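Quick setup: one chain, the form predicted on its own, written in structure tokens, and binding and motion questions come after.
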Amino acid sequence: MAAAIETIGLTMTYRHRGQFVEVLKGIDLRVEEGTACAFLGPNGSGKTTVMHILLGFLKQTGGEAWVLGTNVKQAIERQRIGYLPERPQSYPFLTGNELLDMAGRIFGLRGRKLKERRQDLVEMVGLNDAARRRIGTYSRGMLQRIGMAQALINDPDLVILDEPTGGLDPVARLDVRCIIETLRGLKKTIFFSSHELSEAELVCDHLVILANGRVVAQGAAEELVGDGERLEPYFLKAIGARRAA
């Protein structure tokens, strides 16, 4: 199976107060097409940095990375990628529908096709009537939902989600989980970071765990976490082994 995401020896070093800080220490990972991959790790382990390199927001210090078969040092086909940041920012004076119309036009959608795509997404993320309201009136959960819809407006092959359930109540987390499961059914590749291990466990079929800038475990979830076991103790053991090293 082809890789939607692949990195080899990925490193990132920052200069901070006259000293070099090594954030990524040789990241090797592979996410196959059509899988839902949970990207897990403690705060500061480097998850968002990896995502930003994959998206072209940052340039790595060393190593190589490919997205959908293209080296990230080259121009990536943005039409095939959807991205939801950890804290999505939007235009509070626009309605949800207006935001999706604007995003859709950026990707070349027009007329009836745009209207139908927008309506499908509004229903998928559970906004419906709220899509007619100004985004400035939205709750944290609603902002996350409209951000998800915006990330999907171009019908991407690869969806990158940075903490999609962060700060959401249990009902909103369930809604996000249902969206991810819908995308899995559509054979999309989903690469998402999360601190909600119970949520990740329910929707992922592949795991990549980071600790201290290194991959400490990766593979099919059913192979890493045995029958009758839970993800949480496995995760704690994986990052604890690296911390003790």
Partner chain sequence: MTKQITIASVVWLELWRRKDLYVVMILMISLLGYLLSLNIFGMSSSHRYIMEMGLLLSWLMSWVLTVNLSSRQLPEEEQRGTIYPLLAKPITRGELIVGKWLGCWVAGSTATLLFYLLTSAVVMMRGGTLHLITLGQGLLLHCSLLGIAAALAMTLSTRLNQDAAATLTYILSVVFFVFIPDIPEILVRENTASPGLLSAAYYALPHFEVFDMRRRVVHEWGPAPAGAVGLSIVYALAWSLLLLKFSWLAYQNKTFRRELTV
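Positions refer to the first chain, counted from 1. What you see is a predicted model, and the numbers here were worked out from it, not measured in a lab.
Below: the form predicted in complex with the partner chain, not depicted.
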Checklist entry - Does T165 reach the partner chain in the predicted bound form, with heavy atoms at most 4.5 Å apart? => result no
Item to check | Partner proximity in the predicted bound form: Q74 to the partner chain, non-hydrogen atom cutoff 4.5 Å | outcome: no
Checklist entry - Is there a heavy atom of L174 lying 4.5 Å or less from a heavy atom of the partner chain in the predicted bound form? => result no
Checklist entry - Using 4.5 Å between non-hydrogen atoms, is T95 touching the partner chain in the predicted bound form? => result yes
Next on the checklist: What I'd like checked is whether R112, M124 and P156 together line the partner chain in the predicted bound form, meaning each has a non-hydrogen atom within 4.5 Å of it.
Outcome noted: no
Checklist outcome for this item: Testing 176 to 184, 48 to 56, 26 to 34, 65 to 73 against the partner chain in the predicted bound form with a 4.5 Å heavy atom criterion leaves exactly one stretch, namely 48 to 56
Checklist outcome for this item: Of the residues spanning 90 to 115, the ones with some heavy atom within 4.5 Å of the partner chain in the predicted bound form are S90, Y91, P92, F93, L94, T95, E98, M102, A103, R105, I106, F107, R110
